[in-house]
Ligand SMILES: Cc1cc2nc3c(=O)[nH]c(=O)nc-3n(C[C@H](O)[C@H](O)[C@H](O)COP(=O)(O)OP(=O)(O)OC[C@H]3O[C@@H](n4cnc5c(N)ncnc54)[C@H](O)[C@@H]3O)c2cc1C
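A single chain comes next, written as structure tokens; it is the form predicted on its own.
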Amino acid sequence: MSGDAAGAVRDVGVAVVGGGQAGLATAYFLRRRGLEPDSGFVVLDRGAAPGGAWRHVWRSVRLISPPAYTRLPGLPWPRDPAEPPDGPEVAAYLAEYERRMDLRVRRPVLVRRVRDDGPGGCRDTPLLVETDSGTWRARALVNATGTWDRPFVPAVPGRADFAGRQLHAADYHAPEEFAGRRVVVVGGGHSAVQILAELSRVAETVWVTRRPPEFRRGRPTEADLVAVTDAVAERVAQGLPLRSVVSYTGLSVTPDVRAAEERGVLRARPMFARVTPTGVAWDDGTSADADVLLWATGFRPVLGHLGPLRLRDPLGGVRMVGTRTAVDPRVHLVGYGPSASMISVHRAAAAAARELSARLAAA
């Protein structure tokens, strides 16, 4: 292995890009299969501290699923919460996991691009992982970058002309700063409903969704969770773009959501046709004035650094065989598609580590 001198290329078996739940679970299973940190694998994380995206979520966010289904391999939750853990609890759990498992995550390290170390398109050559802290030459790569760093806001006519404040859910923290304001919340997922439920206590809100929302009564069963994972896996196996999680699961009715429902604020209007300087307008001639547009419109996978590898399928997604990309056996995506939650990442990380350790042994 090359030294850490500036300009040196460091050799490693597997480079894991991302130090959140998917990257940590994968590193755990790589260690279980005999790979050691720094030589067998390296975890590169752009965050300044442990905890992944959970360090940045808004104050009141909580896991939707029961804690029994959301622990990482080898470490139970420090307590059995009466209610799902919040963002700081999850971030602290991930930090303790990283420390306890001795995964030696390198941070902050920004991966700029991943390319072939040799003729393009040759799937047997190493990969060069180029970062702001040097370059790693890896026999294989696990991309575990998630979606938080790529918030999505749809292109809507007039959006640039709005005179009020616009923000994505990724930049939302707490309702107090919106007290007394008129807020249009756009989005039909769990984030939109959670934010709307608390915002509506202090602000005048309008809820807008592209499709009529569907609420799910009762907690999902293990069979329900498996069925959702399998449905998403089937989609990525075909190379299709990802759909929102809520399109499979429906919206969970938490106590806060139930209270908002009783106050009559969960009455969704269809998506508006355009944004005006003072609000939003529909094609039927109706409009709503607004001081704030809050886009709870989801995220997209962070894959731009993998562009030189040309992983995209003509259908728009990344076609997968298990956790491995179909066009490049060196590259696995964990935390993508069917493994994009703490519920499903355990199985995906174990599968990726098993296949990668076999690949390295055969090299």
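Computed from a predicted structure; not experimentally measured. When you see a residue number, it is the position in the sequence shown, counting from 1.
There is also a form predicted in complex with the ligand; it is not shown, and the following applies to it.
K.L.:
Looking at V153, L110, A259, L240, which has any heavy atom no more than 4.5 Å from the ligand in the predicted complex?
P.N.:
Of V153, L110, A259, L240, the residue with a heavy atom within 4.5 Å of the ligand in the predicted complex is L110.
K.L.:
In the predicted complex, does each of R46, T70 and A340 have a heavy atom within 4.5 Å of the ligand?
P.N.:
All of them do, each having a heavy atom within 4.5 Å of the partner.
K.L.:
Going by a heavy atom distance of 4.5 Å, is F29 a contact of the ligand in the predicted complex?
P.N.:
So F29 does not count as contacting the ligand.
K.L.:
Quick check on W54: any heavy atom within 4.5 Å of the ligand in the predicted complex?
P.N.:
Although the ligand is absent here, W54 would touch it in the predicted complex, with heavy atoms inside 4.5 Å.
K.L.:
Closest heavy atom of W295 to the ligand in the predicted complex, within 4.5 Å or not?
P.N.:
Residue-level check for W295: no, no contact with the ligand.
K.L.:
Is there a heavy atom of A348 no more than 4.5 Å from a heavy atom of the ligand in the predicted complex?
P.N.:
Contact check for A348: no, nothing within 4.5 Å of the ligand in the predicted complex.
K.L.:
Looking at 196 to 204, 263 to 271, 110 to 118, 276 to 284, which stretch has residues with any non-hydrogen atom within 4.5 Å of the ligand in the predicted complex?
P.N.:
Residues of 110 to 118 come within 4.5 Å of the partner.
K.L.:
Under the 4.5 Å heavy atom criterion, name the residues of 140 to 154 that approach the ligand in the predicted complex, in sequence order.
P.N.:
Contacting residues: A144, T145, G146, T147, W148, D149.
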